[in-house]
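First comes one chain, alone, set out as structure tokens in the form predicted on its own.
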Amino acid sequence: MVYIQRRERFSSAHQLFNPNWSIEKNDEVFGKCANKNFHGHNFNLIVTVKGSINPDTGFVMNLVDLKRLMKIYVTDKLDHRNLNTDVDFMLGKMASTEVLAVEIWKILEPKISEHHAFLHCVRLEETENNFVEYYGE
């Protein structure tokens, strides 16, 4: 099994806020991330794909295809958008990095499998110190 990775970047705003809680409870749990005016991050998205090497191409998956899938189905929808209000696949969901990583997986997994490869990991770096990895479990 060989693993390949592709990184893309995007900038998005979001607010962490549970509408079932009081403003005070949201402030207590989410702190400044509950700001009613939102806040933003410059995200790094790293997608790891695994599979066997195709003897005809020498590739697990053509990285040009992976780049295109990530751009069309994910980063074009996220870049310079508000995760809470502008992104169709995030509407009605908590706009945490964890939830976003799972939603990205749901989008990319079937697209990557069409290329005879397997999505192994979605890594989403919110800051240089905070990141999430999701393995489809």
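All residue numbers are counted from 1 along the displayed sequence. Keep in mind that this is a model prediction, so the values were computed, not measured.
Here the subject shifts to the form predicted in complex with a further copy of the same chain, a form of this protein not shown in this document.
For residue 116, no non-hydrogen atom is located within 4.5 Å of a further copy of the same chain in the predicted bound form, even though that partner is not displayed. Although the partner is absent here, residue 41 is a contact residue: one of its heavy atoms lies within 4.5 angstroms of a further copy of the same chain in the predicted bound form. Put simply, residue 22 is far from a further copy of the same chain in the predicted bound form: not one heavy atom of it is within 4.5 Å. Under a 4.5 angstroms non-hydrogen atom cutoff, a further copy of the same chain in the predicted bound form has residue 60 among its neighbouring residues. Using a 4.5 Å cut-off on any heavy atom, the residues of 82 to 99 that reach a further copy of the same chain in the predicted bound form are, in sequence order, 82, 85, 86, 94, 96, 98, 99.
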